[in-house]
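Below sits a lone chain in structure tokens, taken as the form predicted alone.
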């Protein structure tokens, strides 16, 4: 039986459809799409028909953490499996069910921030068609041990709109892991994903996204995070799959003592392109943000990073950092980095930087002198380059999960 959407959502979806149709498609000259491959925004080649997929097989293939606190598996935006050992005081439901059972609570937090990093048109499309995903609300003083794990499968030929909405109450804690897969390696698909993260006062909210789609699919992923007084929000993105990925991450620090970590590891190969746009928005004084993105590029791959730290007029005593590092593994890859600052307050400490480099001959010689062949040596150095970011997750089980995808990508490159 199909659930009836609440009136507020139906109204918003109608408005979003109109907004999508009236918003121009990004053009080559748009600053927010600088260095981007605009041709990737042509979605007309999708057939609209999903390729066959066996739900039982996908459930068995949805392997992640050894003991997740809760686990959900979706296929083309339809829930095919769920399990949970969470306390009854914690709301953790498929979004479609949350729309029905907790409509007012979802409305209070659903897509409240302005999408300002270039994909407003596609955020509107997402809002117009969203029907699936996960809603998590952790009450005050509740600690969720372990992590909530979500698998999003796409069987190809279609567009899906997964949405993750996480809200933490005062002095609570939760971790959520989203993993994006393709059913096969041949069929193209499109994912337009959105995650809303709202960290309440003195709470801790960790969000990890692992993008492992096949190399003929595309994804636009939009993150909007708000962090209240003394709260800590940590967002991590791993890109190993997809032909083209666009990641937009906005972190809004709204109270003194708010702390935001924005982390990413990307490993493109062959013709893959990863386009990353970030915005660290310091609204309140005395808040801290730290961004560390690392890209390891092979083949003819390409990355784009454009990040801005923005400090509002009254956001004094801001402490903000932004670093993007690119490791170029071939002569044909391309890394573009555009870090930036916009400071409108006094007594702030802000810095940004970007580097692009190749592995030095001295590093390779050092490992060769210890019996390691050059190919393996380069792989070990590249892996170590990524590990610095992964270690900042501060959770051994999640670090191991992320590293398993990183190692799988490096092993695949080594076999090519």
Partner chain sequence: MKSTTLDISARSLQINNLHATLENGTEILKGVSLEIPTGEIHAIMGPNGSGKSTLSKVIAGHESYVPTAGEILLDGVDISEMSIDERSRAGIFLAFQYPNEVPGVSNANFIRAALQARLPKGEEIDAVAYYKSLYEKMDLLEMDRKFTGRAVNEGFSGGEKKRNEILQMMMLSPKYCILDETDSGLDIDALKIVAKGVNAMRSADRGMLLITHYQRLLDYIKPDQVHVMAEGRIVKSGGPELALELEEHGYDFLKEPALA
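Positions refer to the first chain, counted from 1. If you're wondering where the values come from, they're calculated on a predicted model, not measured in any experiment.
In what follows, reference is made to the form predicted in complex with its partner chain, a form of this protein that is not presented.
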Exercise for review: Would you please decide whether residue 351 lies within 4.5 angstroms of its partner chain in the predicted complex, comparing each non-hydrogen atom pair?
Suggested key: no
Review point. Applying a 4.5 Å heavy atom distance criterion, does residue 387 contact its partner chain in the predicted complex?
Key: yes
Practice item. Would you check, heavy atoms only and a 4.5 Å threshold, whether residue 368 touches its partner chain in the predicted complex? Key: yes
Review point. Going by a heavy atom distance of 4.5 Å, is residue 54 a contact of its partner chain in the predicted complex?
Key: no
Review point. Though its partner chain is not shown, can you say which of 372, 63, 359, 38 has a heavy atom within 4.5 Å of it in the predicted complex?
Key: 372
Review point. Pick from 50, 70, 381, 58: which has a non-hydrogen atom within 4.5 Å of its partner chain in the predicted complex?
Key: 381
Review point. Who in 240-265 is close to its partner chain in the predicted complex, meaning a heavy atom within 4.5 Å?
Key: none
